[in-house]
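As a starting point, one isolated chain is supplied in C-alpha cells, in the form predicted on its own.
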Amino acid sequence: MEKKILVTGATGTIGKALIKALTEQKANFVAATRDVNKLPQKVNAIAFDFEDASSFAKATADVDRVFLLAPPLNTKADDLLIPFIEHLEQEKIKRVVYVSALEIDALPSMPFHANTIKLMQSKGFELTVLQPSFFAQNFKNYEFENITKHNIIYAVAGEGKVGFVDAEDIGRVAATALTTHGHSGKFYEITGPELLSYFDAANVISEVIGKTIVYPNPTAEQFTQTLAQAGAPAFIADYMIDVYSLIANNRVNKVTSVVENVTGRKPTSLKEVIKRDFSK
C-alpha cells in the first residue's frame, strides 16, 4: 500500500494551501483536524487533536511523512507537540516538514519553534523547516473589516519593510518538500518577491479596491488600547507587538528565491493576492 502524507493544521491558512497543492499533484494524503466538517467532503480527513493522544495512532496509520504545524497564538507549542513527536519517533515516521517563521528566533519571548526543531534534530528526524514571512492573506483574514469599513490597515509594524508571501506559495513549497527528495536538513526562508512597508501595502490595497486605505502607524500603547477596547485578551496585544517588531526592527526586510528554486514558479506579489482575495 502506498504510504500517505499526514497534514496537520489542515483547516488553517497554510494547511488549506497545502491541501490544494497536494490535490493538484494527486498525492496520497490525509488531512488532520479537530473538526472534519470544516473540510470539503472530497478531502480524506481524520479527527485529530495534539491534546488527545488517543487520536495519534489512527491519524498516522500508513503514514510515512508529516506536515507539522503548531496551533497559532500558543507560546508553549513546543510542550504541546512533544507527545506527538514522541509518537512519530515510536512509529518510525521520520520525515517531517515543520513550519516555523522567518527570524522568529530573534524574539526571546517565542523560543517554542527553536525548541521543537532542536528536539526533532536530536531524535534524528529527516527534517525540513519552512520559515515563511508575513502572509499576504492576513489583510483579508484579519484586516478585512478595517479595510472595508474603516479604510485602514492596523498594525504596529512601524516603517519597516517585509516580503509579504502568498500562502499558496508556502503550500507549494511544502508540497514539493513532502513529495520529492533532497529537502531533508534544509531551512527554507520563504518570502514574496518585493519588500513593502505597511504604507506601501496600504497603497497597493487602495489601488486594487478603488478607495483610499491608510496606515496610521499606531504606537504600541495605541495598539494595545485598541485591542482592549475591541475585547481581545491582553496577551494578544503583547504577542502581536512582539511579532510585528520583526518588521518594525527591520529583521525581516529580506527577499529570497526559495519559492522559485523549490517550485519552479515565481512568487506571487501582494497585489495579485489582494486582487484574488478582495474579488471574492
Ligand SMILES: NC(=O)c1ccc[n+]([C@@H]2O[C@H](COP(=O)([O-])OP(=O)(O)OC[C@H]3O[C@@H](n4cnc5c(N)ncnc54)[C@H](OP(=O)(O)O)[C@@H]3O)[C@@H](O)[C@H]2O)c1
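The first residue of the shown sequence is 1; numbering continues from there. For clarity, every value in this text was computed on a predicted model and none was experimentally measured.
Separately, the form predicted together with the named molecule exists; it is not shown, and the next lines address it.
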Task: Contact segment among 88-96, 200-208, 133-141, 171-179, judged by heavy atoms lying within 4.5 Å of the named molecule in the predicted complex - done: 133-141
Task: Proximity of residue 14 to the named molecule in the predicted complex, heavy atoms at 4.5 Å - done: yes
- [ ] Spell out, yes or no, whether the shortest heavy atom distance between residue 251 and the named molecule in the predicted complex is within 4.5 Å.
- [x] no
Open item on the list: in the predicted complex, does residue 49 come within 4.5 Å of the named molecule, counting heavy atoms only?
Closed with: yes
Open item on the list: in the predicted complex, does residue 59 come within 4.5 Å of the named molecule, counting heavy atoms only?
Closed with: no
Task: All of 9, 69 and 101 with a heavy atom within 4.5 Å of the named molecule in the predicted complex - done: yes
